[in-house]
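Consider the single chain below, provided in structure tokens and representing the form predicted alone.
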């Protein structure tokens, strides 16, 4: 048993420092464990609703792969969205950029260059549109909400003009096979998501780019005084989001073997919701890629459960909206606030050296 030597910020200290379960750095671990608990609860609900399906091990295994496959494209978009939100911005144009990138990549002219040409085109269109968003926000001083909302409308319109409001079929066998292939039983789309999430984790946690993103989101003025090029970095964040949209466009094109201007509708809602559920603060300066990944899986599991229960899409959208509101409300009740409340009402020990009121 370790002896307590004091109290810091309402947290009991011992010789080895704050107890790990009360350490603020463990908050992300607790949140992720909570999301795992939510997944287990969803599984239990599904077992109650459809015991005939959930008692079949093969069906459960295949259904898990379906959930992960459905979460793959939106997961890639969420990685880019997480960077933008941590940096203090928001990107409402991701769904439209996926549609524009997919439509541009599946034109007859682009398909004549083969799969490499289609992939390059989708990524180039996504990055280019993301750079425009970044320029408008960083150098045009437009509010991110307005700049990306304008891009949403413009990109949907351009995609409709390019496609003639028609569905463009992909005739490339390599692109179409991406969604069908598996490596060691794992769908290639899921592998792409894991690779993108892994690279995003390294970029956020192990590079100067990630530290600057957190610094800008926490306090842009302080970051500027510290010598960080805030405008240039902000522009790169939106370009990164566009890059993820380009990758997601190829993944969706492979799933549907086609693309259209109406593709990826409300993807911005899903990506923002997944990032918030995963612990990313809407005010910026804080968030994790792992948490966002769990958020995507939880959202996909909820959608899958609704489909199994035969609930209409309208109900799904209403529940998704409610989940976003609840997640934001929970963010406002931070651990420190709970600690202050408990201290104020005598439910925890005061700081060492704090005079006792009589």
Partner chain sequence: MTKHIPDASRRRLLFGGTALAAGALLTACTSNEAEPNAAQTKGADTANPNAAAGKAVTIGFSAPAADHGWIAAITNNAKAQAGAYSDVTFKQVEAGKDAAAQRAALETLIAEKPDVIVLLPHDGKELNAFGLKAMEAGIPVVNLDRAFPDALAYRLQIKGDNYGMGVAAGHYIGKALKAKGVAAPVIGEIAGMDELELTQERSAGFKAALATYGFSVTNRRAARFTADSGQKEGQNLLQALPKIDAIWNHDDDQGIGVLAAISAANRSEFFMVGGAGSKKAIEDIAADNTVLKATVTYSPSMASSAISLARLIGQGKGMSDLVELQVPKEIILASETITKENASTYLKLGF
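Positions refer to the first chain, counted from 1. We call the rigid core whatever largest set of C-alpha positions still superposes within 1.5 Å between the two forms. Bear in mind that the values here come from a model prediction, so they are computed numbers and not experimental data.
Note that the form predicted in complex with its partner chain isn't included here; everything after this is about it.
Enquirer: Can you work out which of 29, 53, 39, 328 has a heavy atom no more than 4.5 Å from its partner chain in the predicted complex?
Expert: Only one option qualifies, and that one is 53.
Enquirer: I'd like to know whether residue 83 contacts its partner chain in the predicted complex, with contact meaning heavy atoms within 4.5 angstroms.
Expert: Close contact is absent here: in the predicted complex, residue 83 is far from its partner chain, nothing within 4.5 Å, heavy atoms only.
Enquirer: Is it the case that residue 247, even though its partner is missing from this view, gets within 4.5 Å of its partner chain in the predicted complex, heavy atoms only?
Expert: It does not: once its partner chain is placed as it appears in the predicted complex, residue 247 has no heavy atom within 4.5 Å of it.
Enquirer: With heavy atoms only and a cut-off of 4.5 Å, decide whether residue 112 touches its partner chain in the predicted complex.
Expert: No, residue 112 is distant from the partner.
Enquirer: Given that its partner chain is not shown alongside this chain, does residue 262 nevertheless sit within 4.5 Å of it in the predicted complex, heavy atom to heavy atom?
Expert: Yes, contact at 4.5 Å.
Enquirer: Report the stretch among 195-203, 239-247, 213-221, 112-120 that approaches its partner chain in the predicted complex to within 4.5 Å, counting heavy atoms only.
Expert: Among the listed stretches, the partner-contacting one is 213-221.
Enquirer: Heavy atom within 4.5 Å of its partner chain in the predicted complex: which residues of 87-118 qualify?
Expert: In sequence order, 88, 104, 107, 108 come within 4.5 Å of the partner.
Enquirer: How about residue 36 - superposed on the rigid core, does its CA move between the shown form and the other one by 2 Å or more?
Expert: Shift of 2 Å or more: no.
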